[in-house]
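Next comes just one chain, in structure tokens: the form predicted on its own.
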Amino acid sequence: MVNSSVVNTYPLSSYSFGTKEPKMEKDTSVADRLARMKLNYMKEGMRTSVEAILLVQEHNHPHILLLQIGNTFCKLPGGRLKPGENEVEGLKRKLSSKLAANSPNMQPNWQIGECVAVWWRPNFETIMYPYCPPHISKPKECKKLYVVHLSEREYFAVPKNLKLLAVPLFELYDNVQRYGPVISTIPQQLSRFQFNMISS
């Protein structure tokens, strides 16, 4: 794990991108997703998920890598941990599943940094809060966002049904309508970090 308030950000052009087989979503609608979450909760208890903030730079401004599904929906790479799974190892597993080539020799060096945000889902609904409401004794999900430090050169394999976008912080800031509350508040969570813009 990397605990540093300095984040080295390399140009987007120093990374190479390819494709791999599609990663199909388990659910076709929000209602299906919430129903599956309810089912898993009955079996395993509260869902714990981890997501990665991967940073690159363009024009000396930090950009975050987001996965786009369809034409509008964007999400951070990551996902649900297995019961009892370590958060850092689980995030590496999820990142490799989403963005690494299938070859063991081409695995990116995922350097997991610190957790910068924790979000709570009190009920089986889409809304999440950056705190657990006081009247909720059994939240349904806890989602943690980690900064992941990228090496200068990496190869990312993007599932064919997804797009990998580099979105500038100024585009995310306060843009709840487009990106939702979790992603649109990332610029505030990163404000205490110092970005070391490294040009290739």
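Bear in mind the structure is a predicted one, so any value in this text is a computation, not a measurement. When you see a residue number, it is the position in the sequence shown, counting from 1.
Here the subject shifts to the form predicted in complex with another copy of the chain, a form of this protein not shown in this document.
- None of 100-108, 68-76, 124-132, 81-89 except one has non-hydrogen atoms within 4.5 angstroms of another copy of the chain in the predicted complex; the exception is 124-132.
- Heavy atoms of S14 never reach within 4.5 Å of another copy of the chain in the predicted complex, leaving it off the interface.
- Among residues of the shown chain, Q188 is one whose heavy atoms approach another copy of the chain to within 4.5 Å in the predicted complex.
- Contact between H61 and another copy of the chain in the predicted complex is found at the 4.5 Å heavy atom cutoff.
- The closest non-hydrogen atom of I112 lies beyond 4.5 Å of another copy of the chain in the predicted complex.
- Contacts of stretch 94-122 with another copy of the chain in the predicted complex, defined by any heavy atom lying within 4.5 Å, are made by C115, V116, A117, V118, W119, listed in sequence order.
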